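Let's start with one chain on its own, the form predicted on its own, as structure tokens.
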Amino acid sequence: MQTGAGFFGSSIGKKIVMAITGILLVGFVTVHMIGNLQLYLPAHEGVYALDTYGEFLRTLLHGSGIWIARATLLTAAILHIWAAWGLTLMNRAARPVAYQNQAYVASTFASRWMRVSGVVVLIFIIVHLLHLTVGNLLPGFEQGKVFHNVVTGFQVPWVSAFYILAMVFFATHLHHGIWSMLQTLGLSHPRYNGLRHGLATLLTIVVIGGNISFPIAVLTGFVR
């Protein structure tokens, strides 16, 4: 059995790293989406709840909580990308001569699409942070006014369109990622395929559906 750096340098080691970091990242986006559902509370309750929620996150553990969470998520994201890139290099090394035709099998297409969607998601995360966390891309950004910033940001049609398009890419990444993660963690028997597919589909619909609903709700005037 390989141990230490040898294990994490192996294909299975990288898959396990991707699975563990995937759990952390999927957990974050799920909780983040649920927290943002406070946008739908009636009248001023939504403003108060969302702003209070943001204040709670900023002041958790005297302000250190959010930095611990950010450091954990950043580390998980870096390790996730590192493992994905390592697996990509291994796959290329295992097939040094390119196929003469482009008739890829489903698994190969899925892995290739994961790389594309992963890059789009990475770009989205950077834009999202600059837009609604730092505020550099949002004219009229007000620190601590979460409800105001979300509504003001999504009132710009092209911004909402970008978010929705990014979520479509993220949906494919999330679904295949959950499927693969569950397989790596042991649910690889044919009898579990239906369960894996069901869980991946359900969680993807909930998370992506919730996130897409926010810009749509603002654009349609349902949330103002």
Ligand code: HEM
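Everything numeric here is computed off the predicted structure, so don't read it as measured data. Don't overthink the numbering: it's just position in the shown sequence, from 1.
The next section is about a form of this same protein that is not shown, the form predicted in complex with the ligand.
Leu203 falls outside the set of residues with a heavy atom inside 4.5 Å of the ligand in the predicted complex. By the criterion of a heavy atom within 4.5 Å, Gly135 is excluded from the residues contacting the ligand in the predicted complex. With a 4.5 Å cutoff on heavy atoms, Gly22 counts as touching the ligand in the predicted complex.
Heavy atoms of Gly118 reach within 4.5 Å of the ligand in the predicted complex, making it an interface residue.
Taking a 4.5 Å heavy atom cutoff to the ligand in the predicted complex, the contact residue among Leu122, Leu74, Met90, Leu130 is Leu122.
Interface residue among Ala166, Val29, Val159, Val47 relative to the ligand in the predicted complex, by the heavy atom within 4.5 Å criterion: Val29. The candidate spot formed by Met114, His173 and Ser180 is fully in contact with the ligand in the predicted complex: every one of the three has a heavy atom within 4.5 Å. Look at 180 to 188, 36 to 44, 50 to 58, 151 to 159: in the predicted complex, residues with non-hydrogen atoms within 4.5 angstroms of the ligand sit in 180 to 188.
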